[in-house]
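Consider the single chain below, provided in C-alpha cells and representing the form predicted on its own.
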Amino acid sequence: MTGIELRHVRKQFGATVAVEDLNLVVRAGEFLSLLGPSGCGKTTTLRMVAGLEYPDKGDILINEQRINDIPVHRRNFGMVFQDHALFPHKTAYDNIAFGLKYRQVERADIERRVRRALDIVRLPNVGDRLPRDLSGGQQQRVALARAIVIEPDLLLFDEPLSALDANLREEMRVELKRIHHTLAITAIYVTHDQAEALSMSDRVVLMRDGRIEQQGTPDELYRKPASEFSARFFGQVNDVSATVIAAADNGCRVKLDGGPEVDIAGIRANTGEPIKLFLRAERAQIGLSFPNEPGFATFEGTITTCDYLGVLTRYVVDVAGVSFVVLQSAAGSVLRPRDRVTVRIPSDAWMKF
C-alpha cells in the first residue's frame, strides 16, 4: 500500500504564495481530506502531488521515494475532477478503458477490468452509453471507474461532488466511502464543504493561507478546535465578549457584555480580564423551562428569529441584549418569534482562544 509525504513544500505563483512550508504525511490506505476556503492552497497541494504542478521548494515522496521530477503520466495515480472530464464522443466503456489502452494492456484484460470497475461503481449496464445519455451522478461514477480501473497507487479527488445537487452529493458521499473501503486505497480529497470532509474522512487537514491550520480526525477538529479560525469553520458558533469577575483553577465566572453572569468550566483566566468566548449553536438548548441542575446555566430570553431547516430549527434568542443562535431538533415543540423561553447552556460548552 502507498503512503505519501510532503516535506517543507512551497509553491508560489507570481507574487502570491499558494503553499508555504507544508509538511504532511498521508498514511497508506487513509482517506484524507484537504479542507479550507477558496485560495487556502488545498487544490495547489493536490496538483503538486498529482504532478500537474511542481513545487518550488521541498520534496514529495511516495513510499519514501522522491517523485518531484516524475511527470504526471508516469505517476500511477487516479484522478477525479469536478467536471468529470469525460470524452463526450466515447462511450462509458471507452472512457474507462482509455487509460488501459494508453498503457497497452491486452484486450481481454481491459474487458475484465472495465467490467469490474463498472460493477464497483454500481453501473454494470451503462458501458455502451455516451456521457450525454447519463445523469450527472452516473457521469461522476464513470469518471471514478476510469480512475480506479488502472489500479492506481493513489486516488486524488478535486471537489468531485460540488457540481451535483444536494441529494446526489449525499448519495455519492456514501458511495465514495464504500468504494474506498472496498479498494483499501490511499485517497486525498479536496473540498471546501465541511460536511463532506467530516462524513467521509479518516483524517481532515484544515488549511488557511497556504499552511495547515489544524489536522486530526473529524471528531477532533469539531470538538477540539485549536484556533478561532477552526472553531468558526465547522458548524455555527456564537461569539460573545465577556469580563472575568472571579477566577479559579478549574474555571471562572464571567459577565457577558450587556448580559448575565455565567459560570464556565475548563477555562482559565484572570479576574478582570476581558475575554472572547465561543459557543457552538447546537450546545445550547431552548425550551419553555428547565429544572435547575449543576453544570448548567439558564437564562430567560425572547425568540427573535425562527428558521425551519428540516431536521433542525435555527433560533435566534435575545438574552438581555445578547443574541444567541441555537440549533435544535425540529422534532420538539414548535416555538415562535416573540415567545419567552429559557436558554440552557452546559458550563463546559464554552471555548476560548
Partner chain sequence: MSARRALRSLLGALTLITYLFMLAPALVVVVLAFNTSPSSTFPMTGLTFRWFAELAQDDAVLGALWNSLVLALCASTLSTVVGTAAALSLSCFRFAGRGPMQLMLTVPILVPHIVLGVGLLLAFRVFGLAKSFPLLVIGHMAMTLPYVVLTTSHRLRAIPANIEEAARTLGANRIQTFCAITLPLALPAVLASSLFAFMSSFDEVTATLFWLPANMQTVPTQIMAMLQFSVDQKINALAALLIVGSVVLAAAALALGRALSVDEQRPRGKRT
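Positions refer to the first chain, counted from 1. Bear in mind the structure is a predicted one, so any value in this text is a computation, not a measurement.
Omitted here: the form predicted together with the partner chain. The next part is about that form.
Trainee: When the partner chain is placed as it is in the predicted complex, which of 228-236, 204-212, 170-178, 123-131 ends up with heavy atoms within 4.5 Å of it?
Mentor: Among the listed stretches, the partner-contacting one is 123-131.
Trainee: With the partner absent here, would 47, 83 and 103 each sit within 4.5 Å of the partner chain in the predicted complex, counting heavy atoms only?
Mentor: Looking in the predicted complex, the three residues 47, 83 and 103 all sit within 4.5 Å of the partner chain (heavy atoms).
Trainee: Answer with one of 150, 279, 244, 164: the residue that has a non-hydrogen atom within 4.5 Å of the partner chain in the predicted complex.
Mentor: If I apply the 4.5 Å criterion carefully, the residue I get is 150.
Trainee: Check each of 259, 251, 218, 99 and return the one that places a heavy atom within 4.5 angstroms of the partner chain in the predicted complex.
Mentor: Partner contact (heavy atom, 4.5 Å) among the options: 99.
Trainee: With a cut-off of 4.5 Å between heavy atoms, is residue 222 one of the residues that contacts the partner chain in the predicted complex?
Mentor: No, residue 222 is distant from the partner.
Trainee: Is residue 141 close enough to the partner chain in the predicted complex to count, meaning some heavy atom within 4.5 Å?
Mentor: Judged by the heavy-atom cut-off of 4.5 Å, residue 141 is well away from the partner chain in the predicted complex.
Trainee: Find out whether any non-hydrogen atom of residue 107 is located within 4.5 angstroms of the partner chain in the predicted complex, and reply yes or no.
Mentor: Judged by the heavy-atom cut-off of 4.5 Å, residue 107 is well away from the partner chain in the predicted complex.
Trainee: Using a 4.5 angstroms cut-off on non-hydrogen atoms, would residue 271 count as touching the partner chain in the predicted complex?
Mentor: Outside the cut-off, so no.
Trainee: Output the sequence-ordered list of residues from 51-85 with at least one heavy atom within 4.5 Å of the partner chain in the predicted complex.
Mentor: Result: 52, 72, 73, 77, 79, 81, 83, 85.
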